[in-house]
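Just one chain follows, in the form predicted on its own, and it is written as structure tokens.
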Amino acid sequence: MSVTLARWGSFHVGGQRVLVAGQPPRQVQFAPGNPPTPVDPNGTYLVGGLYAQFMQPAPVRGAHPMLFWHGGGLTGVTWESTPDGRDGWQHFFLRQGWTTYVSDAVERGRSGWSMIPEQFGGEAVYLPAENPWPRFRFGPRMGEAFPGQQFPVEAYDNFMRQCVPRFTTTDEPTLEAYLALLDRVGPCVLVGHSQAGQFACRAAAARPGLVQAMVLVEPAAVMQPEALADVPMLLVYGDYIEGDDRWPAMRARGLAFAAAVRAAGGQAEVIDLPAAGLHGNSHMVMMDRNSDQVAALVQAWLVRQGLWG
């Protein structure tokens, strides 16, 4: 099914000016055969910005734009297409009539880079190919898939090509950039995956009224439930969690968070995909072969919230 776009563009938001001093100048050859050029790294840099790409379909049926925030070590590509070449959730929800905003978080992808550690401190964490396979629940070890696995493991190399270095010291500038994005877009539906769970919670709490609904796909961290009682939310969890080293505790924290939101008078629903009849989902739910079926559950929930028509 094709999509007609009324508007399509991109922009950067957020960031701050940072002065770098005391670094030694160096000679850089920018192109083969050209003489080296002196480069002085000292000066003022604009760092901590965030890239966002928007697409507005025609007609628009979603009550508000839908913002997609990716997980750790990843970029907005998470939502655009799957490693084996299928349409991603961005396409699915565009076809439903939602305006979409897909962003790259601070220090990722098209948001650019900065002089780490001079600006933010810390050291980049870049994962070898053997790491995400068991951690994202594709299988017990590299090259061995769980029975019934929905992630397209034959395209694993394409998935690893999407992975980028991440930092554990940039949470605050990342949150500030996401807040700048919310301020620019206005009322929205926020979809966050994994690491973005904490940013979604903190951003919604810091901007009351801007996040009209929140979908958290296997959030790695959640917080501030009392501040989110006015934000309808949906949490989605996949398969192969029991027996995993980390995910039972992470899901338990998510379920406790949802219960705390409800105790505060809010609405927080949880979809356990195996219990809903969808089996074989990895941590990368939006890339799994049945990703459209999962997206359809999310769409149905948004319809029930009165946000689509």
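The numbering used is simple: start at 1 and walk along the sequence shown. The structure displayed is predicted, hence computed values, not measured ones.
FYI, the form predicted in complex with another copy of the chain isn't displayed, but the following is about it.
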property	result
Interface membership of residue 176, another copy of the chain in the predicted complex, 4.5 Å heavy atom rule	no
In the predicted complex, residue 303 touching another copy of the chain (heavy atom, 4.5 Å)	no
Another copy of the chain contact at residue 233 in the predicted complex, heavy atom, 4.5 Å	no
Contact flag, residue 251 vs another copy of the chain in the predicted complex, heavy atom cut 4.5 Å	no
Segment assignment from 143-151, 209-217, 167-175, 225-233: heavy atom within 4.5 Å of another copy of the chain in the predicted complex	167-175
Neighbours of another copy of the chain in the predicted complex among 63-82 [non-hydrogen atom within 4.5 angstroms]	75, 76, 77, 80, 81
